[in-house]
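Here are two versions of the same chain, shown separately as structure tokens and labelled structure 1 and structure 2.
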Structure 1
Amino acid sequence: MPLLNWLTKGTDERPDAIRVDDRAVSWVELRRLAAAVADELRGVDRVAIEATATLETVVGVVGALTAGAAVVPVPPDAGPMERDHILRDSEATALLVPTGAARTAEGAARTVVPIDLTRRSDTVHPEPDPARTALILYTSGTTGAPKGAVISRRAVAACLDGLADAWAWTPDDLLVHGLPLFHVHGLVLGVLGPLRLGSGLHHVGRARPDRYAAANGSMYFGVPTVWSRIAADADAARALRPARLLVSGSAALPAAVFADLATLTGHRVVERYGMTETLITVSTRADGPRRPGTVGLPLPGVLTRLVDDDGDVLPADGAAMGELQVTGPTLFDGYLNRPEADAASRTPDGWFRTGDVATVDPDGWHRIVGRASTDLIKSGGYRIGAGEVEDALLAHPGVREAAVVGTPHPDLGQQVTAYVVGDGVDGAELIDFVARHLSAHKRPREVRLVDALPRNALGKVQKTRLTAD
């Protein structure tokens, strides 16, 4: 089956199949626009594109995939150093830019290819081998310069087919979101998903509650920041009642937001788990229960396991916390030009080390505790999940945001330290509040009140920045 199966075969000429902000095209028109880009990319192995939330980005990405090139999305807000690193490290030989954009070819051997929405082509390009690289997605770079994750066309297809099974995703759906188009969530799920599975797409531009409310979709994608803002806008939230599915990902959805959305929209949000290197591997199902704070079951073909610090497999008893490791058809092919990092990311028997700490219930349901490096706190012989303490803090009516980390302690090794954005609260009150709700050893030893928490483009709290000062 072609990677973009529905787009490849679609004959629907209705003008609003794919909408980005205030511009829309039919399936047939998108295919012809993409074919014109593909004509210009014959023989190109890797092509970079500034991945703005525009119709040009959709056409450019689809055109490159049609030509069999590997797409290297560049975040539009990347600073000069990050942008230069991505372009040079990826060795992209072409750069896709909208017609008239003030861009030149950075690098000696890079060709600028215009994305011209006035050009159409009826060229039928052969379907590339499924083993070919579809995307080179750059990680956040929390442990050094961003690394390029090489993702095959086969892995993208396996991920999307697994989600179609889990979410009952069909051509009858209209997907609505406003996510960035340079990550797995917004690009792979949010653009390539509709083009493979046949649902309509309405990218609302900026992910504002009023734009979500006006879109009349059946499926909505969002990150916790988006859902929190929608939950705070009762009218916008109620407008989502006719939808079929609300999906949250890229970070843990606070239990309070889950509850508010359930009350206002009538929907219990579907949560799922994945990484750039693994795509989506675990998800709640559309036809199953929804449990706040959990991400459900492995997708078809995906296997997971928990291991302790010695690499021994832990029981799925809902209590044991260990590193989550995964294997299956959605995994990436490796890090571009980083053999040492690639080797370090795999176990001797071939499983991928996610670096995330999780628990697995006896019925197979997964709960993500957080990153092993920042969210598993080892204090006085106890292993404490930061997320549990954050949820307890967020249950206080005066707390708007909370992030918990482990900081050095001369006796305990690490202490639980909380960064809180709140209204009229003080640290001693919050420490006592948590101690009344959780075991005493899980209470924060210190609460630092801040004006805001540092977040990235997907709304994830950047905990390393909290402790960098």
Structure 2
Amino acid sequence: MPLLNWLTKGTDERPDAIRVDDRAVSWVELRRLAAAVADELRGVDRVAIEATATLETVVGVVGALTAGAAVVPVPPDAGPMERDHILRDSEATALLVPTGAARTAEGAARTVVPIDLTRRSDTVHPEPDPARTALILYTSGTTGAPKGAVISRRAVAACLDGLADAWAWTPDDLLVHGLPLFHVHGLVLGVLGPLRLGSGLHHVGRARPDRYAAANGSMYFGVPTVWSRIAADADAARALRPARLLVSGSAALPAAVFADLATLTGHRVVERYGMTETLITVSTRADGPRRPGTVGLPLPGVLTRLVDDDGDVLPADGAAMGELQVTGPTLFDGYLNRPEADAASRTPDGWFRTGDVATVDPDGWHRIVGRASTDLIKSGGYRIGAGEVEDALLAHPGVREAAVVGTPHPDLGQQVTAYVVGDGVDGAELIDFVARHLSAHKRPREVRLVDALPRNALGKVQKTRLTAD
């Protein structure tokens, strides 16, 4: 079956099947727009795209996938360090740019391929091999610059088919969300999902409660920050009553938000769990119970296990807590150009180490307890590596030492908090400095200037002591 099955085969000419913000296209029109991009991409292996939340991004990504190229989405607000790293590390030889947009400096060194919404083509491109790479998604680790997760077309298809089964996702649905188009949640589930499974799509531009409320969807996607903002806006929440399914993911949904949404919308939110490297692996089902604080059962074909620090498998008794490891058809192919990180991410018998700590009930229900390392922070659903922010801070001449941690935040779940030993610098200046180098969401919300960082006998910073009081 073609990766974007419905798009490839659809004959539907309804003009508003795929809507992004205030512009919409039919299935047939999207296919012809994408074919025109694909015509330009013949022979291109990897193509980068500035993944703004626009119809141009949808057309560009679909065009690249139609041509069999691997898509490298660049976050539109990525700072110069991040952007440069993604473009260089991915070795993308072409850059998709909306017609009329200024050619960027990086673009000059690559073939610039226009995304022109006035151009259509009827070329029928052969379906690429399912083993080919669909996406290279850059994601933060605990240290260093983000790594490119290489995700095959086959993995994307397996994930979407698993979700169709779990959520009874069909062409009768209208999916609504406003998530960024450079991560698994917004791009794979939120765009490629409808294009494979045939539901309509309405991307509302920004994930604001009033926009969700006005969209009349049957299925809504959000990260917990979005759901908690909706729960705080009773009118917006009540407007979601006619929907079929509300889905949360990318971070833990607080039980209080689950309860408030149940009261206001009449829906018990379906929660699912995943990672960039594994795609979605565990989910609550549309036809089953939904329990606050739990993420449900493995998707079809996915296997999970809990292991202790020695690598021994723990019982699924609802009490034993260990690292969640997963295997199955949705796993990525590895980190680009990073054989060591790649080897470290898997066990010798081929399971992926998620780094998340979980429990599993005897009936198979998974509960995510937290992360094993304090060095990965989740803020508003974005994954932020402490090491990358520390490196950015250390590039400032007034910073001698820096330690970055996640601290609780009422809206974002966690906020980035930096402890800095410096010479005559102030917090606001450092926040601004990081914001100029990295994406906006990676900048610290708070900088605490300290005389020294707590260290153990080996000189390693003890981050748990930073937040102990």
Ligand code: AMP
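For the two forms, the rigid core is made up of the largest set of C-alpha atoms that agree within 1.5 Å on superposition. Please note that residue numbering is based on structure 1, beginning with 1 at the start of its sequence. Remember, it's a predicted structure, so these values are computed and weren't measured experimentally.
> Pick one: is 1 or 2 the form predicted together with adenosine monophosphate?
Number 2 is right.
> Can Pro444 and Ile368 be said to ride on the same rigid part between structure 1 and structure 2?
In the comparison between structure 1 and structure 2, where the chain splits into two rigid parts, Pro444 and Ile368 end up apart.
> Across the change between structure 1 and structure 2, how many whole degrees of rotation does the smaller rigid part show against the larger?
Here the smaller part turns by 140 degrees.
> Please report, in Å, how much the Cα atom of Thr374 moves between structure 1 and structure 2 when the rigid core is superposed.
With the cores aligned, its C-alpha sits 2.4 Å away.
> Keeping the rigid core superposed, can you check how far the CA atom of Asp451 moves between structure 1 and structure 2, in angstrom?
Between its two positions, the C-alpha of Asp451 lies 22.3 Å apart after core fitting.
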